[in-house]
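One chain is shown next in structure tokens, namely the form predicted alone.
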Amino acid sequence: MEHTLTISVQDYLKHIYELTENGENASTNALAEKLDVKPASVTVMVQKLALSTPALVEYQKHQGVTLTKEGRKAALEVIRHHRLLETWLVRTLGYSWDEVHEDAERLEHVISEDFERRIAAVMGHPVRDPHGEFIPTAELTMPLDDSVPLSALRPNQTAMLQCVRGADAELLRHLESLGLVPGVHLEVLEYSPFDHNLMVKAGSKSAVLGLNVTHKIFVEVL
């Protein structure tokens, strides 16, 4: 797919994809919060995207918005660019996983399809980015993800950490200090039913994590 969409439209489609991954519609308020714009501005944009040719979204007032087939392809292309760039910045330029997001956010809109193909090939066509999230394929499909949130685990369960989603740089640095990075094996030691805190152990380190953290960590139960 050629880059014929504006940066603003690409950002809308990417965030709609993220908000609808669980099968629900994206509300205008949720989109407004993600994009840091007013809900009224979101309504104008999604109406425009619904009337474009081809239509990129389906929108009904008070029912939210979803992506059409074309909108999903466009969103996955931007996400592929972003996650390939994050991987390339870590592997080639020595960025840490908490440093890559902002630069990838800027570059995702401007790289050519040839550049995308070249960095994918030179890295051996990686499947996951530095945070463990799947990279959409060159055919713009998303690999099946059967991981579960760490928040769903209970004492004596063990798992391999697959990815960390939607975490800010500070949290990523904190998780790394605890040894909680993609690929590590961890064990749930304790669970508090009152505040849903989990005590987990990774290697020689243990820590108590709240729900606002454990729902961002996705694991494969062993």
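These numbers were taken from a predicted model, which means no experiment stands behind them. One-based numbering along the sequence shown.
There is also a form predicted together with a further copy of the same chain; it is not shown, and the following applies to it.
a further copy of the same chain in the model of the complex comes within 4.5 Å of a heavy atom belonging to T92. Using a 4.5 Å cutoff between non-hydrogen atoms, F134 does not count as a contact of a further copy of the same chain in the model of the complex.
Put simply, I119 is close to a further copy of the same chain in the model of the complex: some heavy atom of it is within 4.5 Å. In the model of the complex, a further copy of the same chain stays beyond 4.5 Å of every heavy atom belonging to T141. Checking 73-81, 97-105, 148-156, 126-134 against a further copy of the same chain in the model of the complex, the stretch whose residues place heavy atoms within 4.5 Å of it is 97-105.
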